[in-house]
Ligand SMILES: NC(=O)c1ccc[n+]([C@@H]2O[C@H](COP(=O)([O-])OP(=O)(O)OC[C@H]3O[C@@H](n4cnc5c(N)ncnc54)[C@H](OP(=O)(O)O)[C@@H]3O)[C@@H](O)[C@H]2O)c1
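For reference, the chain that follows is the form predicted alone, supplied as structure tokens.
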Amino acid sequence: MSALALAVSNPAPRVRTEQDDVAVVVLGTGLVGGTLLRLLEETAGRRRGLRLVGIANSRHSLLDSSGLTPPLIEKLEQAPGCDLDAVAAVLFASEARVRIVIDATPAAVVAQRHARWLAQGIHVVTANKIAQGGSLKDWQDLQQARHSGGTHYGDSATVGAGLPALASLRRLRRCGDRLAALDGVLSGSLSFLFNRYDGTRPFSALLQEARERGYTEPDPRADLSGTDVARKLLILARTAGVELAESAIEVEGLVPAHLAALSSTEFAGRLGEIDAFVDARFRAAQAEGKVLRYLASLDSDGSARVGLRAVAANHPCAALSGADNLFAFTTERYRERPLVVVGPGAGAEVTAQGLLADALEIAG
């Protein structure tokens, strides 16, 4: 029998206490997941008894229903391969009152498990946008699973890296307000790129800097394609009660078709081919006294789009800096002036903090 199976089926004897009754599995040990694990260690004395019973990445999984102890990453690297079926097993074997999976991955195979875990009575906290920002049916299945399982879905880190964008929409909706339109910059990486681009430095050089800062996905085409922004727009719209389908969003990406077909390694070697396209758009906007921003919009007529737009200097998004996100919500009660949420929209620290905050809220 494998060490993993032993950990799940034969947990060490443990005296349960009310303060040690929340079992957690963290999936993903990259920038965000690794930062979350560090936060869990740093806040151990005040995190309401969260007991870490599992960590996993695409190669390894370390599960023990009695709780894991440091050094976590070193132990993980010596552990067996990842088995998603064992995640629910170790959480139930923990006999904890509250069971939480924290998904810090971008993986579709993990997102496909969210609804199943919710229906089983396992709460899910996630930075993974695929389950809510994919097909409308998947989103509807997720809501049904959450209701049938009596569970919570902590999703604040899926949009705005933990900014209170989704929380604000839910609060407005609970009060009977209705979203009329939405406009904003929803990508921290694209915000950073176009806030900084001034034509004096190649766009590809800025892109490399954004990768080094941890603002982009390992393959930056995930950001440049507009798919990530479109998913966030879907999540926002659906949270507000506008059940958009994926096909309803018009997406303008920044990666030409001939580059989209390359391997990630080949693409990395040809980043410079994007420079001329971006520079031409920048010069055209500059000639009109405007600046470039990668915006997402949902209009009052229901049309939705994401793409590169030239905006006037007095546009709210023109004044952004760093990797800030901005969400402007026009509603029935915020019609004269939209409700604006603005702040850091990328970075491992703020995203991991959003995940931890959601988990602590569920823990109660």
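Computed from a predicted model, the values in this text were never measured in an experiment. Residue indices: 1-based, along the sequence shown.
From this point on, the text means the form predicted in complex with the ligand, which you will not see here.
Contact annotation: G30 falls within 4.5 Å of the ligand in the model of the complex, judged by heavy atom distances. When contacts are judged by a 4.5 Å heavy atom cut-off, L262 does not count as touching the ligand in the model of the complex. The closest non-hydrogen atom of R59 lies within 4.5 Å of the ligand in the model of the complex. Contact annotation for P106: at least one heavy atom lies within 4.5 Å of the ligand in the model of the complex.
Contact annotation: the ligand lies within 4.5 Å of heavy atoms from the stretch 127 to 135 in the model of the complex, the single such stretch among 127 to 135, 288 to 296, 190 to 198, 240 to 248.
Annotated contacts: P218, A346 and T351 all touch the ligand in the model of the complex [non-hydrogen atom within 4.5 angstroms]. In terms of contact with the ligand in the model of the complex, the residue from I122, L206, C82, L254 that brings a heavy atom within 4.5 Å is C82. Checked against the ligand in the model of the complex, the residues I100, A157, L182, L118 give one hit for a heavy atom within 4.5 Å, which is A157.
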